[in-house]
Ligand SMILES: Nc1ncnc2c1ncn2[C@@H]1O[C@H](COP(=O)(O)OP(=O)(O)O)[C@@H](O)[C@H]1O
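Shown below, as C-alpha cells, is a lone chain in the form predicted alone; questions about how it binds or moves come after it.
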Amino acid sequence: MKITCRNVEKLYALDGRTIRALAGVSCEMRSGELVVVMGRSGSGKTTLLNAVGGLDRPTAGSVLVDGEDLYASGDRALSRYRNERIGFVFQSFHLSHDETALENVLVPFLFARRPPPDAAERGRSALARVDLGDQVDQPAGTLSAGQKQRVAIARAIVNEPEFVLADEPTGNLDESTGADIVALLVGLARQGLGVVIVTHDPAISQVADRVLRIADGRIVDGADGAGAP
C-alpha cells in the first residue's frame, strides 16, 4: 500500500482568522517502511497524520491511496478505510479503564461491517504480539502506562491493517518504556506494515527508514519527490 499526498493544504477558521495548518504538503508513505514526521508543536504534524488517516479532509490537494483519491469517495468508504486499512495509536491511549485489555482491543470489531467469528481469538493474538498475552483479562485502568500503550497498539493491529499511524506514542512514557514502544513499532514495520510516527523527539528519528521534517505546514526535508504528477 502506498499513500501519496499531493499539494495538500488544510485551512482552519479560528477567532475570525484563517489558520493554514498545511501549506502544499507533498510526500509518500509505503508499506514496510517506518516514517517519522518531526516538527515543533503547531507545525502541522498531527494535521498531516489525520489527513492520511482519513480523519480530516484537506481543503485543497489530494491524498492518494494506491493511486485512488481517498477523499473522492463517500463517508461510508472513508469509514471502511479507517476501520479496515488503518490502525491508530494516540499519546493518551484512549482506553476504557473499566474494561479489560481484551475488551479494549476488540473495539474496532464493534464498527466492522462483518465482525469475524474468531474476534476474541484475534484479540488475544494481538495482545500476544505486544507481549501482553498474560494480561488479557486485566482491567485497563490497572495497567502501567507502557502496558496501556501496548494495549492501544494491539487494538490498532487487531484488524490486520496495512498502516499504523502513531501520534506522539511515547509522549506519556518514560525514556526506557518509550524506547520499548518504539522498538515494537519498528518490529511492525519489519513485518510489512507501513508505520508513521509523529513526534518531536529526535531520538526516534534514529530508527526511521525516512524522516519528514515539517515546519509552518510545509515539508522542509525528506519529501522524496512525491509532488511530481
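Please read all numbers here as calculations on a predicted model, not as lab measurements. Note that residue numbering begins at 1 and tracks the sequence as displayed.
From this point on, the text means the form predicted in complex with the ligand, which you will not see here.
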Open item on the list: If contact means a heavy atom within 4.5 Å, which one of 35-43, 158-166, 185-193, 63-71 is the stretch that engages the ligand in the model of the complex?
Closed with: 35-43
Open item on the list: Is Thr47 part of the interface with the ligand in the model of the complex - any heavy atom within 4.5 Å?
Closed with: yes
Task: in the model of the complex, Val211 touching the ligand (heavy atom, 4.5 Å) - done: no
Open item on the list: I'd like to know whether Val25 contacts the ligand in the model of the complex, with contact meaning heavy atoms within 4.5 angstroms.
Closed with: no
- [ ] Indicate whether Ala21 is a 4.5 Å heavy atom neighbour of the ligand in the model of the complex.
- [x] yes
